[in-house]
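Below, in structure tokens: the form predicted on its own, a single chain.
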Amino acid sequence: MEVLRIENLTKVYPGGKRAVDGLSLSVREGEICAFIGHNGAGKSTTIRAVCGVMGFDEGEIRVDGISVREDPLACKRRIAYLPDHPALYPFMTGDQFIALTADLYGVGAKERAERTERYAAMLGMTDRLGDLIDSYSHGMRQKTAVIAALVHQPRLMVLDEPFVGLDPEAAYHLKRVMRELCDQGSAIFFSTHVLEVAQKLCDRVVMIRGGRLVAQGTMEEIAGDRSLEDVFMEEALHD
């Protein structure tokens, strides 16, 4: 079943620049899909449109078959969005921020406690969630944002450059969490410049250039016996 479907998405900025131009793609349940392209290719614009934080000019986006245009609130209930620089409240503790997020999504106290405990243990944050977020490193803030994003068990998790600034241990645990979520039937759509991670972790890859689709398919279909980096650099020669 398709969890995310984008059809002919177009976003035009003032001045006529087409950040995204007729983009179509899909992500099915159980899939981790990498979204790759050079800086300025349209990845972040697409992600923000999917999550309902940016409008678009043409096309359609559906989450679990629900239109982002027609029922944005229902779509947002199904999505967890992790931007490249998550906005956390520094005056809160990690526990308080996660509890606030759980309340916004209507997650009961029992489920919140169980999920927080499980994901905090996986990410090595159990002993730090009682501390103020203001005292956290970038990696700890990222981990806290991940726990908060997962507390309502989203159908679709959307991440924008989630591995930037993470140390190897944190990146390892984040990959574990991503795979576990998809094994439970959700889907993940994330942008990344870390192509080695994408090749090892992802089931599918979508590549864009200049706001347009270049290729999409399974990792085997896109790269075959080559590295994803080689494929990416070959496409870059067309710029």
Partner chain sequence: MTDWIRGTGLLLRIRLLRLAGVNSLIHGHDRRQRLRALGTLALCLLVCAMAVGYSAVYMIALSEMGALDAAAHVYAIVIAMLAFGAVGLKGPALIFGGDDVEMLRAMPVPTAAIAASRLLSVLLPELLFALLIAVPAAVSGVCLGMEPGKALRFAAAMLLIPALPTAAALMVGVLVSWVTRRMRHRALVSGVLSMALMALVLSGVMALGAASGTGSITEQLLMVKLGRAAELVRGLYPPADWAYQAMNGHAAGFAWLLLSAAAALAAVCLFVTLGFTRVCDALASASARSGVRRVRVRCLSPVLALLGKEWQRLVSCGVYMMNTMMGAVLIVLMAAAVCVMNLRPYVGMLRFVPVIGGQALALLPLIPAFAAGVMQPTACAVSLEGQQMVLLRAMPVRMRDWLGAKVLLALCLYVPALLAGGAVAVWRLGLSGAPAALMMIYPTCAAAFAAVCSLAMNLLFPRFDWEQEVQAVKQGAAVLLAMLIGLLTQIAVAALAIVTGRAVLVMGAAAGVQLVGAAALFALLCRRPMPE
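Numbering follows the first chain given and starts at 1. Computed from a prediction, not measured in an experiment: that's the story for all the values here.
Just so you know, the form predicted in complex with its partner chain exists too; it's not on screen, but the next bit is about it.
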**Request:** Would you check, heavy atoms only and a 4.5 Å threshold, whether V194 touches its partner chain in the predicted bound form?
**Result:** no
**Asked** Is there any non-hydrogen atom of R77 lying within 4.5 Å of its partner chain in the predicted bound form?
**Response** yes
**Prompt:** Hey, in the predicted bound form, does V164 get a heavy atom within 4.5 angstroms of its partner chain?
**Reply:** no
**Prompt:** Would R112 sit within 4.5 Å of its partner chain in the predicted bound form, counting heavy atoms only?
**Reply:** yes
**Joint contact, G108, L129 and D134 to its partner chain in the predicted bound form, by non-hydrogen atom at 4.5 Å** = yes
**The unique member of R28, R69, R179, R48 whose heavy atoms fall within 4.5 Å of its partner chain in the predicted bound form** = R48
**Prompt:** Since the partner is left out here, which residues of 42 to 77 would have a heavy atom within 4.5 Å of its partner chain in the predicted bound form?
**Reply:** R48, C51, G52, V53, M54, G55, L73, K76, R77
